[in-house]
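In structure tokens, one chain follows: the form predicted alone.
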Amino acid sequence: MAKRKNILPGFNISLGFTLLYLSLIVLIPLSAAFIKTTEISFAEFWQIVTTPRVVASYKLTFGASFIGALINAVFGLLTAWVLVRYTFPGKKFIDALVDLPFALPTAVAGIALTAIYANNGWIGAWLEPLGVKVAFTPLGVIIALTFIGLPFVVRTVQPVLEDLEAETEEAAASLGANRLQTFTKIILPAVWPALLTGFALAFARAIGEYGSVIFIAGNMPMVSEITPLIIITKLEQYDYVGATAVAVVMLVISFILLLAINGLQWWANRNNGAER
């Protein structure tokens, strides 16, 4: 049997270039952050990263990112379903609109969201009499992070739904399954790995978001101040070690959370393959 020839160079060369590229772009810069923190003792490091102001920013950043990604997982799946399963006027326009957070500069998004949700904004003016304050609150942070994370879920789930033939749902209905059973037994298992991937991407994107958040957050310490802003503030004060220490904590927590999500995705893919 003739040996199959690959279009790209062999495994050793390809792997070498891959490791070199990842080292230059990812590993070396991240390693530099850890090396920078060795300039201080562990006691000083712990004191920097556990101050009440920094801890409050952790809670807001990771909490708002998780909530925003969770909202996008639900409504991103619904949006992808509508774009795949239905034909209606303006479908291509709405499909292109989903990618707007990708193309829109984050500062522009932040200014636009602030103008809309401020007390005198288009939506904020209606919410203010109801006692709902969005701009300059943690709720505004969640809305901003939801805005920038939606395309990650839609574009991840959409190809899977396109490959999932409608005849499968019709066959389930013909066998007596109701809509809920069809969704939970047929659709959800098929899109679950992609949905988890979209959730992880939206969550990771939200953790590091800065431009679209600082305008609508108000940046009040202990209330609506995100961790990336604290890092920027320390850099502006020439506190490079302090900024690096906070960045390392963000890096470690993000890595652990993404590792857990990827493990869950691997488990979902394994179970999905076993069922087939």
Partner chain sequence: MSGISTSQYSHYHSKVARNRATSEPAWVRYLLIGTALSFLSLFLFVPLAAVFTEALRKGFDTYVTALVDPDALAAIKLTFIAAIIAVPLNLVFGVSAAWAITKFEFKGKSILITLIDLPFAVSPVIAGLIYVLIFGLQGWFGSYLVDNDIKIIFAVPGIVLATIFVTFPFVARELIPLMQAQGKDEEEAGLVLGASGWQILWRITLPNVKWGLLYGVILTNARAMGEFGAVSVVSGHIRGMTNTMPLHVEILYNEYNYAAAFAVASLLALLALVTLALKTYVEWHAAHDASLAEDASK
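In this text the structure is predicted, and so the values were computed from the model without any measurement. We call the rigid core the largest set of C-alpha positions that still match within 1.5 Å between the two forms. Positions refer to the first chain, counted from 1.
There is another form of the same protein, the form predicted together with its partner chain; it is not shown, and what comes next is about it.
- Among the residues 188, 100, 125, 132, the one placing a heavy atom within 4.5 Å of its partner chain in the predicted bound form is 100.
- Although the partner is absent from this view, residue 240 contacts its partner chain in the predicted bound form, with a non-hydrogen atom inside 4.5 angstroms.
- With a 4.5 Å cutoff on heavy atoms, residue 264 does not count as touching its partner chain in the predicted bound form; it lies far away.
- Shown alone here, residue 36 lies within 4.5 Å of its partner chain in the predicted bound form, counting heavy atoms only.
- Using a 4.5 Å cutoff between non-hydrogen atoms, residue 156 counts as a contact of its partner chain in the predicted bound form.
- The candidate spot formed by 30, 107 and 116 lies fully in contact with its partner chain in the predicted bound form, as each residue has a heavy atom within 4.5 Å of it.
- Applying a 4.5 Å heavy atom cutoff to its partner chain in the predicted bound form picks out 14, 15, 17, 18, 19, 21, 22, 25, 26, 27, 28, 29, 30, 31, 32, 33, 35 from 13-35, in order along the sequence.
- Core-superposed comparison between the shown form and the other one: the CA of residue 52 stays below a 2 Å shift.
- If you fit the rigid core between the shown form and the other one, you'll see the Cα of residue 166 move by 2 angstroms or more.
- The Cα position of residue 130 differs by less than 2 Å between the shown form and the other one after fitting on the rigid core.
- A shift of at least 3 angstroms brings the Cα atoms of residue 102 and residue 260 nearer to each other in the predicted bound form than in the displayed structure.
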